[in-house]
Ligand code: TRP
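Take a look at this single chain in structure tokens; it is the form predicted alone.
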């Protein structure tokens, strides 16, 4: 990706042009017709759809047709357990839960402990396994249905995964992997093989059901390259292509034009952050305000580049009218950045306290969710 931004499963840099990314990746925009159909089927339109946070798809229309015809489809999403969960990670999970609630679909949730072992030189398999179980607590805390949610680590579910992964691997050439992911001869062979394993849960529902079964994958747009390969392989193996719905990347606290990053803790709010830590990060966040109170009152601010406003937009102001009022007040200079930060900090702390309570309770019911061989 040139001209100022780059998007891969392992790196996002620069200001992402999402309209251009749709063209580059060859996906389709979630347009007004598709939104109307979603609202008709689900009775409401999630705020992530209303605000174009989930903005792109592959074959979402096929999934809706299945639902309208009473056919079963599965959900599939995942997490690479390299560290604690931040708000950017849970964004697609929240939307996945919404789809599960509206459709009653079974969710396969993959924890790619092997992937992070391959790609993170400093991490052992014991490290990635430990972090996977920490991440699972966050997944459960979001309210997924235990009878319809199967969470697994690759290394603990490998007997089920590997036969399909082997079939996938046989259909992917090294040249394809190098071209799609930018891998080189110096990459270890685990990194080269890995996309075969990430493809596998997209095909497992057809194996489980004994017939062609569609799968919908809610994920960040940066994960799409894995599933382009997966979709190319599907017909060669006699499986239906998985459908995808993509979300934008949760902005960093250092600027709404950059992605939240776990490798830069000060840019992110983690679900395990103490209230005072979260508040300090927010109060130090980049805003679209002027250099002084006087300038702010006179010329207003710019919510389009403001990290704080992005937090309201992505998670912390569900009311569209109130979000619009906040934007208008900012541009008119009727609200100062400090005020916005203070209110946001209170809302984030309220969310974290509630989530952390649920997270602790999740320890007692973890085994209801986890599947192993």
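Just so we're clear, the structure is a prediction, and the values are computed from it rather than from any experiment. Residue numbers count along the first chain shown, from 1.
There is another form of this protein, the form predicted together with the ligand, and it is not shown here; the text below is about that form.
K.L.:
Taking the partner as it appears in the predicted bound form, which of 161 to 169, 97 to 105, 221 to 229, 299 to 307 has residues with heavy atoms within 4.5 Å of the ligand?
P.N.:
Residues of 221 to 229 come within 4.5 Å of the partner.
K.L.:
Is there a heavy atom of residue 74 lying 4.5 Å or less from a heavy atom of the ligand in the predicted bound form?
P.N.:
Result no; residue 74 lies far from the ligand in the predicted bound form.
K.L.:
Can residue 112 be called a contact residue for the ligand in the predicted bound form at 4.5 Å between heavy atoms?
P.N.:
Yes, residue 112 sits close enough to the ligand in the predicted bound form that at least one of its heavy atoms falls within 4.5 Å.
K.L.:
Examine residue 268 and determine whether its closest non-hydrogen atom to the ligand in the predicted bound form is within 4.5 angstroms.
P.N.:
Contact check for residue 268: no, nothing within 4.5 Å of the ligand in the predicted bound form.
K.L.:
Hey, in the predicted bound form, is residue 198 touching the ligand, heavy atoms inside 4.5 Å?
P.N.:
Judged by the heavy-atom cut-off of 4.5 Å, residue 198 is in contact with the ligand in the predicted bound form.
K.L.:
Under a 4.5 angstroms heavy atom criterion, identify the one residue in 157, 194, 250, 117 near the ligand in the predicted bound form.
P.N.:
Filtering the options by heavy-atom distance leaves 194.
K.L.:
Just one of 136, 217, 282, 87 has a heavy atom within 4.5 Å of the ligand in the predicted bound form. Which one?
P.N.:
The option sitting close enough to the partner is 217.
K.L.:
For 320 to 356: residues with a non-hydrogen atom within 4.5 angstroms of the ligand in the predicted bound form?
P.N.:
None of them.
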